[in-house]
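Heads up, the chain below is alone and in the form predicted on its own; it's given as structure tokens.
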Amino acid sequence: MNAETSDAPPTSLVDRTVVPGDTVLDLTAMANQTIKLGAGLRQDCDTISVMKAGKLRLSKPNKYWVESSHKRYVPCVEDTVLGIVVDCKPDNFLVDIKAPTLAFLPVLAFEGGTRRNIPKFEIGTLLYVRVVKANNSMNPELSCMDETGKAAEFGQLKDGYMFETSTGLSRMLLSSPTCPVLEALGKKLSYEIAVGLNGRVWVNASSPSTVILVSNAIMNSESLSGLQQKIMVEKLMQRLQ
């Protein structure tokens, strides 16, 4: 399959299937714009080309990535992920983020972090973290701070229920505008949710029945259209009543 070449408008391939070797952006036609590249893309001189098959996605203003539905996660800088602490070292926590290798979370990578107030995490602790370093030659590095050094929403996720999905479903849940299944659930129920681009989702609510319903709705939504997602939520709500 051949994609349009770079003389097409910059966003002509967004939401369309692309394959390795396709050229998706011509940087010479996008002067004075800062382009952020996510998973599946690389820069070759003045062009951006595809490294893996999937759908080209755009997060405005200018972040592009190739979305593929995989269980395996390939870390990318600025991804937000859900990690599980698997070991504690003097300088780092070792964290499982579903990547080929474990990730490092420095003990000082927390807002106001010093040697005197290092957080104490038990093995198995679930964390919402940000990927700050990622390449093929080293373990990914994580942080519990945003770009300004603030904790923001990052840190330990207590209670609730965590389940695993494909990376494609995770990206759908984080898309803008709000995906239909979360929009429908939000109109009917009160709950907390954290979605990691590594294919992990955490849900918490005041009642276990709400946690189960929200989790089932999300897991059932991947292969459904927007309308089908809303109908599915309505049926689940009827069973709850």
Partner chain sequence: MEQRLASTSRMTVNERKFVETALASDLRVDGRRPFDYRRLTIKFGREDGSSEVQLGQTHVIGFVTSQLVQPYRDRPNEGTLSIFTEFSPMADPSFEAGRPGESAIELGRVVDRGLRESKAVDMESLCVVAGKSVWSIRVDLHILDNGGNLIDAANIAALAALLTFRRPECSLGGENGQDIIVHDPEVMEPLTLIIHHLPIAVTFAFFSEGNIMVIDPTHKEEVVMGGRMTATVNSNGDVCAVQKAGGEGVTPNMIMQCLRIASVKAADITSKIKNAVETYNTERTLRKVKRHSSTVTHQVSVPDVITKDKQAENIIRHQEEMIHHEPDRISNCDDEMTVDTRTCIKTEGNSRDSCTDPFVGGPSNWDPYLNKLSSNLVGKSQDLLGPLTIGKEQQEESKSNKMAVENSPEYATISSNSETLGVSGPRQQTDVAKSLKDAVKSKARKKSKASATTR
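These numbers come from a predicted model, not from an experiment. Positions refer to the first chain, counted from 1.
Beyond what is shown, the protein has a form predicted together with the partner chain; the following relates to that form.
Here the chain stands by itself, but in the predicted complex one stretch of 129-137, 155-163, 108-116, 142-150, 155-163, has heavy atoms within 4.5 Å of the partner chain.
At a distance threshold of 4.5 angstroms between non-hydrogen atoms, residue 91 is out of contact with the partner chain in the predicted complex. When contacts are judged by a 4.5 Å heavy atom cut-off, residue 178 does not count as touching the partner chain in the predicted complex. At least one heavy atom of residue 104 is located within 4.5 Å of the partner chain in the predicted complex. Heavy atoms of residue 87 reach within 4.5 Å of the partner chain in the predicted complex, making it an interface residue. None of 189, 37, 173, 211 but one reaches within 4.5 angstroms of the partner chain in the predicted complex through a heavy atom, and that residue is 211.
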